[in-house]
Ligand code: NAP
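Coming up is one lone chain in structure tokens, specifically the form predicted alone.
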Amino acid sequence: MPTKRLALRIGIAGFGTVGQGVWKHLHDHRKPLEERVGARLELHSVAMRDTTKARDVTVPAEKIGTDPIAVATDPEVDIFCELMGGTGIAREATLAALRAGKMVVTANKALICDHGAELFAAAKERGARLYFEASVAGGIPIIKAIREGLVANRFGLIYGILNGTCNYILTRMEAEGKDFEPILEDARRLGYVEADESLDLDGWDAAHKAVILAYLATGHWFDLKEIPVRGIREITLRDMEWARQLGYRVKLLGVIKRDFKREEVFCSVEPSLIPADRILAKVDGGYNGVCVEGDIVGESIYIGRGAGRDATASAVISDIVDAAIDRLHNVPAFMPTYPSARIAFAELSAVKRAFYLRLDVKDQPGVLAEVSAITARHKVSIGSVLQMPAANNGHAHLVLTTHRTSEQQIRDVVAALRKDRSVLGKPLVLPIADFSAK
């Protein structure tokens, strides 16, 4: 570890929305932060891809460069902040900083999800530290809560709203009675949607975060390909209204559920029905909410802004302060350790939940009986039925809820329904949130 000194120098790679927020708030709040740390915090350098681009935050010209690797390996830099995003040059720069023994802070959930095992191994080998609070749920300190505040617990269930963009769109659709596309256009205009829209709308952003939470809960890195991931594009106003009639609200929900007896974990990201009286169902707009079920503490709920410059900058600066204190006091690299038992991804036949099933069907006698026969053949029990006429003559909407059944059984039912001549188009299946850790 480098010799202690009275000033700690911070290098930033990436100067987009989050990078500018970190620089601004570190500059504006430097004095109270320095008092807490017990040393000067110097904004030493920043690497940005385009130095000619107009920005809200002014940086002295002598501190600006274009090479993130140079910042990561600069011997004058004590704390390296990777705020570029992506998994290419961001991975290279992060590894370079860790191999140089530096304190590294990142807000990059894709990087941690895809390369977490490699990054933590590099940190352990070189006595470096990797801080990643801002990678999940923006300004909510959920990683610190799980790793530190709730360290005495084993976690049977973690679930939450992990993507503010989807939550914003669903909230406005429901409140204003507007379809998906016009609300999406507003979200684009306001800058709420990633440049690659599939990250938000198809659930991949939330899935990256769910993988990280699953690691924190189990110590195992799951492959993103193992996880059922769906976004919100198929959700209609009718679904939201029918869910309301049934006592639910629709949210994009990430779920990590662990079976301690079988040593299996199920993880998913899907639009889900949440009972309207649950606290998480009332988390609206750009906010995130995460519920953690510990075997000692019971349920803890964390709600806050999940994205944006200030919320993410708050989490990054929290990590910078932790990194500064650890460096000053020569705190050895801490890596969480977990029991060595092999943890597997749960078989679909072992995962049981209730489901919402929406069908567009021919409006003719006997259709409900056909559908009931298919569900009965696969041993899926129907809990409730709603039937409404459709805008097209000769069509009807059929909405079913099931009792708890397995993921495999509901998939088999859907496959059979798609072959039935009375069912028009693709059925929509949404899980009904199960808050039991058993």
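Residue positions are given as counts along the sequence shown, with the first one as 1. The structure displayed is predicted, hence computed values, not measured ones.
What comes next is about the form predicted in complex with this ligand, which is not displayed.
**Q** Is there any non-hydrogen atom of A70 lying within 4.5 Å of this ligand in the predicted bound form?
**A** Taking the distances in the predicted bound form, the answer for A70 is no, it never comes within 4.5 Å of this ligand.
**Q** Does at least one non-hydrogen atom of M48 fall within 4.5 angstroms of this ligand in the predicted bound form?
**A** Because a heavy atom of M48 falls inside 4.5 Å of this ligand in the predicted bound form, the answer is yes.
**Q** Could you tell me if D202 has a non-hydrogen atom within 4.5 Å of this ligand in the predicted bound form?
**A** D202: no contact with this ligand in the predicted bound form.
**Q** So, in the predicted bound form, is R36 in contact with this ligand at a 4.5 angstroms heavy atom limit?
**A** No.
**Q** Would you mind picking the one in G85, P228, G156, P141 that has a heavy atom within 4.5 Å of this ligand in the predicted bound form?
**A** The residue in contact is G85.
**Q** Could you check which residue among G101, P275, G191, G219 gets a heavy atom within 4.5 Å of this ligand in the predicted bound form?
**A** Only one listed residue qualifies here, and that residue is G191.
**Q** Please state whether all three residues T17, K109 and A307 have a non-hydrogen atom within 4.5 angstroms of this ligand in the predicted bound form.
**A** Yes: T17, K109 and A307 each sit within 4.5 Å of this ligand in the predicted bound form.
**Q** Just one of 308-316, 289-297, 266-274, 253-261 has heavy atoms within 4.5 Å of this ligand in the predicted bound form; which?
**A** Single hit among the candidates: 308-316.
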